[in-house]
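Next up is one chain by itself, shown in structure tokens, the form predicted alone.
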Amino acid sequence: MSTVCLIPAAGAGTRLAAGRPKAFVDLAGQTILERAVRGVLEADVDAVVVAVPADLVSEAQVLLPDCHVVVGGAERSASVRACIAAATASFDAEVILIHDAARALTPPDLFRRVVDAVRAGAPAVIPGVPVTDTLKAVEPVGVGGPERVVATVDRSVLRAVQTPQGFAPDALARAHAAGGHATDDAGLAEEAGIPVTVVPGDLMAFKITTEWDLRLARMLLEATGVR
């Protein structure tokens, strides 16, 4: 195997408030997780490892017969480490991708861009899109009161980061072995001193976090006629 994708999907998805873990919420006739895996497989990835809550392992194995399903952890980083352990034991990977199940509409070409950059020699690769909103740095005024603008941030040097994030296996191992704290795996790589390369992202790789995001994803699928 040359390319393996890890999908940590054990989160509760409390902000979506759908009554069950977000990855198992319906999205136009399939679960969000199924949609995400579908995009991965369409990108010619060789193997997929998915981490889910312990009580949903059997259901996930039925939904995802082409995936290796493992029990995830209470936090995202624990689920990623469970996926890494399974991938290391089962596959000989040249490139390891880590992808959010919540980015269920990510197009296959984005996976290919990330994989190509890793194969070209970048140890860690992330997709990013330019920030279009004006950004302000603020500070609180008193306790529980309004906020005051401190500065306007130069958005030209900022990128909103997406997944899949791609790594050479040794770089990913170093990033997690360092035991840092970050909101994504690229952040762990940065803390470990590993250079991170940015490739162009895709607006379709947005993250389904809230009910509005879910409605948008459903509307996009309906508009494009995807089933």
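When you see a residue number, it is the position in the sequence shown, counting from 1. Small disclaimer: the values here were computed from a predicted structure and weren't measured.
Heads up, the form predicted in complex with cytidine-5'-monophosphate (C5P) isn't pictured, but that's what we're talking about next.
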Can all three of 8, 75 and 207 be found with a heavy atom no more than 4.5 Å from cytidine-5'-monophosphate (C5P) in the predicted bound form? yes
Using 4.5 Å between non-hydrogen atoms, is residue 104 touching cytidine-5'-monophosphate (C5P) in the predicted bound form? no
Does any part of residue 215 reach within 4.5 Å of cytidine-5'-monophosphate (C5P) in the predicted bound form? Heavy atoms only, please. no
With a 4.5 Å heavy atom cut-off, would you call residue 20 a contact of cytidine-5'-monophosphate (C5P) in the predicted bound form? no
Interface segment, criterion being heavy atoms within 4.5 Å of cytidine-5'-monophosphate (C5P) in the predicted bound form, picked from 133-141, 147-155, 120-128, 96-104: 96-104
